[in-house]
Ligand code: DOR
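A lone chain, given as structure tokens: the form predicted on its own.
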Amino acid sequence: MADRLTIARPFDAHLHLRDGAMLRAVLPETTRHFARALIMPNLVRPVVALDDARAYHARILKALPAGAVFQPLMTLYLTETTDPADVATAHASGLVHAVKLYPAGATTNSASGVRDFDKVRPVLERMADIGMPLCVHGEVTDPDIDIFDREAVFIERVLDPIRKNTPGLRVVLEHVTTSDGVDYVRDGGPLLAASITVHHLIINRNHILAGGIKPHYYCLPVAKRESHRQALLAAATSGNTGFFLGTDSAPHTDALKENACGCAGCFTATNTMSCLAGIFEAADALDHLQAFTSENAAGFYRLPPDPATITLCKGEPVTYPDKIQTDDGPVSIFQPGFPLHWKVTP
């Protein structure tokens, strides 16, 4: 097995940067290794229109570390009042690369999301016409549906009807967590893809709940049983172009994670590539790491490959800090629970 691997600089197809002090603190953790990222729009004041995206893009560029080469790819937050014309203008601008669908109440800052999916049909039809991808948080929010079943039910009740009623719509089932989702994407043809997180490749629901609650493993969609994790692992390491990395790295301060109603999200930006190299090596799939991290998402979003590279080297265990410090408070870095031997070298 090789102990040195050079790949194209990765593309994170699902990233939360937040805003203000948090943005300034977490952005360097991504720009250190990633060439570009698809930036999620669920701020406290969501990014719902092109002008919002332009303003947020400017704040991200202003926060870039000196010398960083990084391209933030913006998204719009879909609401029931989103204007199809504004979406088309945003797409034509080259700044906005996708629209994000949050079912109302599904996750952090999703209160402005969609309840009545018929109301967004004109937007989806316009997106299909212009080839603009729809990124989907794939969970129903019906309280009668068990939280571990919400992705599978969403596919059946919401996603499949949307795709059948909107021919030509390009869709990403984001942070897929179930074998149901993997099978659906694998059989869905070239207009359908899925992003997979680092943490869902590593943890199952036992890691969150067995032996005491682990708040820094709590995320949405929540990790499922081991058979689902194995399905995700097989998809990620398969080389199938329909699956790609979207970290869903989602920073919250420890005070917001470690309380009686802790926030959902795992902050993985710092050690993503070390974790993934170990995962792919264990699966005897290092030859597919570049496709998963750097090529497949670029292909789906119709972007050219990034010409820059990073090199990973294997050696003695790599150590990362337990936390990063922000003006809002400390943010804990995801701990995979096994030694990391791969690191990105200068």
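Nothing here was measured: the structure is a model prediction, and the numbers come from that model. Note that residue numbering begins at 1 and tracks the sequence as displayed.
Heads up, the form predicted in complex with the named molecule isn't pictured, but that's what we're talking about next.
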Practice prompt. Look at the stretches 125 to 133, 250 to 258, 83 to 91, 68 to 76 and give the one with heavy atoms within 4.5 Å of the named molecule in the predicted bound form.
Written response: 250 to 258
Worksheet entry | Selected contact from 192, 140, 234, 264, since only one has a non-hydrogen atom within 4.5 angstroms of the named molecule in the predicted bound form | 264
Practice prompt. Although the named molecule is absent from this view, report whether residue 201 comes within 4.5 Å of it in the predicted bound form, heavy atoms only.
Written response: no
Worksheet entry | Close approach of residue 158 to the named molecule in the predicted bound form, 4.5 Å, heavy atom | no
Worksheet item: Using heavy atoms and a 4.5 Å limit, would one call residue 220 a contact residue for the named molecule in the predicted bound form?
Response: yes
Item to complete: Would you check, heavy atoms only and a 4.5 Å threshold, whether residue 268 touches the named molecule in the predicted bound form?
Response: no
Item to complete: Kindly indicate whether 274, 314 and 345 are, all three, within 4.5 angstroms of the named molecule in the predicted bound form, using heavy atoms.
Response: no
Worksheet item: Can you name the residues of 25 to 61 that have a non-hydrogen atom within 4.5 angstroms of the named molecule in the predicted bound form?
Response: 42
